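First comes one chain, alone, set out as C-alpha cells in the form predicted alone.
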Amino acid sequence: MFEGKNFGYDGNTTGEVVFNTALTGYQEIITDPSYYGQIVTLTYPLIGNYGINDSDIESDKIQVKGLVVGNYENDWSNFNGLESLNDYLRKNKITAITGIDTRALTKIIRSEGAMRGLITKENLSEKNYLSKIKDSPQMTGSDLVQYVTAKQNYTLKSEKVKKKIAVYDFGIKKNILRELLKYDTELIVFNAKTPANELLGLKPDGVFLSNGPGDPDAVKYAIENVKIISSSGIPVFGICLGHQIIALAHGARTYKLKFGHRGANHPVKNHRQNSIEITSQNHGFAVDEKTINADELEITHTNLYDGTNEGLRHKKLPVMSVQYHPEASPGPNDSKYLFDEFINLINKFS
C-alpha cells in the first residue's frame, strides 16, 4: 500500500499496474490504446511540466485506467500547450495519484511481476481493498482489442496515392498512420473483427497489422484472419500485437512476461544487419521462440535485455513483423527503416 495525493478525476480505478521508463512522452503514453486496462507508473519523477497539446495524442482519448507519478507539476510551459495534465485527466475521467515512492513501486513490480491494483480515496480495510482488486479482470485471457478498435471503417489518403494498404486496427496509434501516409498511400482502416475476405476483396497492395492491448492468444478472430491473409501472398507487416498475431497464425505460441517491456530505450539486435537499435516498446506478452517453426519463420530481432523475440520474417511469404514500435512516439527513430522495408516489399510483390 502506498499513500499519496489524488489528481485528475476524483474517483476509483482498478487495472494491471505496470511501469514505463521513458523520460518524456507522458501524453503519448496515456493515449496509447496498448495500455487499455492498465494503471501506468511513470518512473521519471517529474510529470506534467510541459502540459498537454493536441499534436501528441495517439488516439481520440486517454486509454490508461489510471496514472501513478512521483511528483506532479501543475505549472506547465510549452509553446504548443493547451491545458494541464490534471485538467486533461479530469476531462477524460481518469484517476491519478502523486507523491508516492515510484522507485519502490517499480522495484516491487520488477521483482514480483505486474499485478492488479487499485487507486482510491475510500478508507477501507485491507481485506476490502484486496476484494476490489481481485474482482477486477485479469490480463491473461482478456481480449481487449474489441474495446479500442475503430467502430467504423475509415480511409486516409496522401496527396498522391500510389499504393493501397489495408490496416487492421487492433488499437492503432496515430503516428503509425502518419508514418504510412508519408509513402503516398491510401490507408483503409478496418475494425479488428472484419473478415479477411472483405479486406482481400479490395485488392490492397499490402496489409498492416497494428499494435493493441491484452492477451494476443485471446484474439482468436484476428489469428484466423491473418492465416488467410498471410497465405494470399499479399505483403503483410505487423508490429507489437500484430507481430504476436502473425506468430500465432503460423503455429507459434505466446506467453505473459513477468513485468513486460515499456519504455523508450530498449536495445534490440537486428540479426539481418548485425546492428543494434534503441527502440520504443510497450508490451506485456512475448512470442515463445522455442515454438517457432524454423522452416517457416526467420528470427530477425532479439531483445538484448532478456533475449526475448523481437522480430520475425517468413522465409517464403512476404510477411514481416517486429515486437517494438518503429513509429516511436515517444522514443528514438532508429527503427523507422522498417516502414521502408514494408513499402519495398509491396513494390516487389505488386
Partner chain sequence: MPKRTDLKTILIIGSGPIVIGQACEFDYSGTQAVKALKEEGYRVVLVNSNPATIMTDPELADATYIEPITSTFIEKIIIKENPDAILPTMGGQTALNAAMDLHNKGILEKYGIELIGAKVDSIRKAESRELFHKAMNKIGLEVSKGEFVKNSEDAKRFLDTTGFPIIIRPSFTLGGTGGGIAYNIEEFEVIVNKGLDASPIREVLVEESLLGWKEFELEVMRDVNDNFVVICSIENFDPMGVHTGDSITVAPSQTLSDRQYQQLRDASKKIISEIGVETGGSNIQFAVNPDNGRIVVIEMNPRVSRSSALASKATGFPIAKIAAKLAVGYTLDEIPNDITKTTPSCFEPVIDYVVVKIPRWDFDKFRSTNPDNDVLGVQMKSVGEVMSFGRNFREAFQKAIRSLENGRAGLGSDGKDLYSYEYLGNLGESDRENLKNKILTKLKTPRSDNIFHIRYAYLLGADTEEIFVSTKIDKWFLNQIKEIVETEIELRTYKFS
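Positions refer to the first chain, counted from 1. These numbers were taken from a predicted model, which means no experiment stands behind them.
This protein has a second form, the form predicted in complex with the partner chain, left out of what is shown; the following refers to that one.
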Q.
Does any part of I276 reach within 4.5 Å of the partner chain in the predicted complex? Heavy atoms only, please.
A. yes
Q) Can any non-hydrogen atom of K163 be found within 4.5 angstroms of the partner chain in the predicted complex? A) no
Q) Is E73 close enough to touch the partner chain in the predicted complex, meaning at least one heavy atom pair within 4.5 Å? A) yes
Q.
Contact with the partner chain in the predicted complex for D334, defined as at least one heavy atom pair within 4.5 Å: yes or no?
A. yes
**Q.** Heavy atom within 4.5 Å of the partner chain in the predicted complex - the one residue of K227, R90, K269, R116 that qualifies
**A.** K269
Q) Which listed residue (K134, K258, K157, R103) meets the criterion of a heavy atom within 4.5 Å of the partner chain in the predicted complex? A) R103
Q) Which of these stretches, 283 to 291, 318 to 326, 31 to 39, 53 to 61, has heavy atoms within 4.5 Å of the partner chain in the predicted complex? A) 53 to 61
Q. Relative to the partner chain in the predicted complex, which residues of 8 to 27 have a heavy atom no more than 4.5 Å away?
A. T21, L23, T24, G25
